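Listed next as structure tokens is one chain, alone, in the form predicted alone.
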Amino acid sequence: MPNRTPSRVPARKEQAKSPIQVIGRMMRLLDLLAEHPEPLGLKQIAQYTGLHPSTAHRILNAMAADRMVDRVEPGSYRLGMRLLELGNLVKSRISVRELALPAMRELHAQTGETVNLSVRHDDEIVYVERTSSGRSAMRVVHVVGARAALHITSAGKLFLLEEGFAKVREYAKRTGLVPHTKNSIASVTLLERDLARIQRQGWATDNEETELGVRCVAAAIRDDGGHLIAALSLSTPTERMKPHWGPLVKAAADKISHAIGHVPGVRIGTH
């Protein structure tokens, strides 16, 4: 009786490859639907992906059963709500601190100075992460858990600018713009002028406004909806601050924003 083992091996190989092929084809279909905001017909889908219509139809039906795609009408498909649910789940599990740390370490290696990650809480900035080698003997208030008023910090100014100039006057009235050093901005007019400069250049500065002898530069970190969610800042003794560190901090902040999913120019709704 002839040995049939050789004929069985290719069959098993084909079966082993089949799930991978299906996944690859499914991703091609999802990518195509993602590129088109309007529903696509089966004929178009087959044409764009190079799949046989029966193959595309079979995979789309399976994805529709799992709500990965929606069948708008017979033979017409678009991305499904299940993808939105999964996307929101992924978004809720993203840690800004985890995504920011590699860029923070890189920025610290480039400059040798203290790098801070901060978020807003009410009318203050809260520092939630810090990268420093400790080479500087200066006293820096930017330690994890420390707080500072918005108007005296480079990071805080970014959040004030984000709210708009109308809200700045409300903030000024609410807080009194209490100064912390002789360089602190204590006038609404001067604060608005400083925010307008920040808006033009793309990053914020603090010229010994929180602590004498310490200067800071900060840039915005945005999420996939374009909202300001955190600020990346560099703190250094006044004499060591370099003019080119503004663009450097902005580039690092943009890198973190990109990792979170931000697309420049995209702004979805408001907080």
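Predicted model, so just to flag it, every value in this text is computed and none were measured. Superpose the two forms; the largest set of C-alphas matching within 1.5 Å is the rigid core. Throughout, we count residues from 1 along the sequence that is shown.
As for the form predicted in complex with the DNA, it is not shown, yet the points below apply to it.
- Checking 205 to 213, 31 to 39, 228 to 236, 56 to 64 against the DNA in the predicted bound form, the stretch whose residues place heavy atoms within 4.5 Å of it is 56 to 64.
- Annotation: in the predicted bound form, residues R174, L191 and R193 none come within 4.5 Å of the DNA through any heavy atom.
- For the residues R71, H108, H180, R130, the 4.5 Å heavy atom test against the DNA in the predicted bound form is passed only by R71.
- Although the partner is absent from this view, V263 stays clear of the DNA in the predicted bound form, with no non-hydrogen atom inside 4.5 angstroms.
- When the DNA is considered in the predicted bound form, F159 lies well away from it, no heavy atom lying within 4.5 Å.
- Contact annotation for R25: at least one heavy atom lies within 4.5 Å of the DNA in the predicted bound form.
- By the criterion of a heavy atom within 4.5 Å, K43 is counted among the residues contacting the DNA in the predicted bound form.
- After superposition on the rigid core, the Cα of K43 moves by 2 Å or more between this form and the one not shown.
- Annotation for R240: C-alpha shift under 2 angstroms between this form and the one not shown, rigid core superposed.
- Comparing the forms between this form and the one not shown on their rigid core, the Cα displacement of P53 reaches 2 Å or more.
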